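First, one chain by itself in C-alpha cells, the form predicted alone.
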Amino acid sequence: MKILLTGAAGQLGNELYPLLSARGEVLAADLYAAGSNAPDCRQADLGDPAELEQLLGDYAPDLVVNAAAYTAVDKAEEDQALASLVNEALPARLATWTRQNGSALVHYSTDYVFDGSSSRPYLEEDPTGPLSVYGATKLAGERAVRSSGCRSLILRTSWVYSSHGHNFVLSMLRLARSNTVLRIVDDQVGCPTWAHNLARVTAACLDSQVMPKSGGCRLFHYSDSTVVSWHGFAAAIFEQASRLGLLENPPQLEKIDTAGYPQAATRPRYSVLDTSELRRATGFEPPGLSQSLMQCLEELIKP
C-alpha cells in the first residue's frame, strides 16, 4: 500500500511515520520537512492547490493520512484565512482527490468542535457548536470530508501532547524553569492525549479495517482515558518531571478560573469525548495519563 502522510513534521506526524511505514510505502510531506523523523520527508506547501495536486498525481497514494493542521488556537482568531486554508481547504482537496482516484483518507479533528456545555462525555452524533475560529475551521474540514463521498475515517481527539513540537507539556516545563509560581486554569476539563497513543489507535483502525469499503465516512472519538483540568494536568507534569530529574525545583501551582486567564479564543469548559464506539470497533483501550506522560517525559532524557 502506498501512503501519503501530510503534516509529517508535526507531533502526530512524527509518531505516525514509523507505524505507517510498517504497513506500506510512505511518502512523508510537510512545509517544514526538517522537523520530521522521516529520512526522505518531502518539503511541500500543501496549501498550494497546484503543488498538492502534483504531489498526489506523482505519488498516487492508496491512502492519505492527513496529520496537517493549524493548531494555534489563539492566533487563529486573527489569522482565520490561514486556519481555514489548512483546516478546511486542505482536507477538502484531499477528500476530492481520494474520491476521484479510488483512494482512502484518514483525517483528524478536535474536541473544540463542541461548546463544552455537556455534563457527560460527548458522543460522535452530539450537536456541535464551536466557540473559536480554530474549532469552526476544524468542523468545516470534517464536513468537507464527509460531504465529499470519499472513503474516509475521521478521528476527533483532545489535548494532544508529545515530547516535540508545541504543546502544553513542553510549555509547562519551559515556564517552570523561570517561574516560582504558576496560575493555571482549573475549570476547563478534558483528556490529555499522548500523540503516540493517537498514532497507535490510527494503526489499530487500519488493522481492524473500520474504513468503509466503498464511499462514505466513519467518525470516531479518541482520547486517552484520564479526565483532568489544566491545573491537574500541570500538577501531573511537574510531579513526574521532578521524579525523572527534569525539574529541580517545581513551581507552586495556583488554581484560577477561566476569567482569571483571558485568551483570544474561547475554550470549551468540558471537553471529554466518549470513546466507546472506537473501543468496540478496534478493541483498543485508551491508556491513562500517568503511564503515557511518564513515557513521553522519558523521551526528553534519552540521549
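Counting begins at 1, following the sequence as shown. These figures come from a predicted structure and were not determined experimentally.
The same protein also has a form predicted together with a small molecule, omitted here; what follows describes it.
Can you pick the one in Ser132, Ser84, Thr71, Ser148 that has a heavy atom within 4.5 Å of the small molecule in the predicted complex?
Checked against the cut-off, the match is Thr71.
Which listed residue (Ser223, Ser152, Thr202, Thr110) meets the criterion of a heavy atom within 4.5 Å of the small molecule in the predicted complex?
Selected residue: Thr110.
Can you tell me whether Asp45 touches the small molecule? I mean in the predicted complex, with a 4.5 angstroms heavy atom cut-off.
Within the cut-off, so yes.
Given that the small molecule is not shown alongside this chain, does Leu289 nevertheless sit within 4.5 Å of it in the predicted complex, heavy atom to heavy atom?
No, Leu289 stays farther than 4.5 Å from the small molecule in the predicted complex.
My question is simply whether Trp159 lines the interface with the small molecule in the predicted complex - judged by any non-hydrogen atom within 4.5 Å.
Because a heavy atom of Trp159 falls inside 4.5 Å of the small molecule in the predicted complex, the answer is yes.
Please check if Ala264 has a heavy atom lying within 4.5 Å of any heavy atom of the small molecule in the predicted complex.
It does not: once the small molecule is placed as it appears in the predicted complex, Ala264 has no heavy atom within 4.5 Å of it.
Can you say which of 31-39, 274-282, 241-249, 56-64 gets within 4.5 Å of the small molecule in the predicted complex, counting heavy atoms only?
Going through the listed ranges, the match is 31-39.
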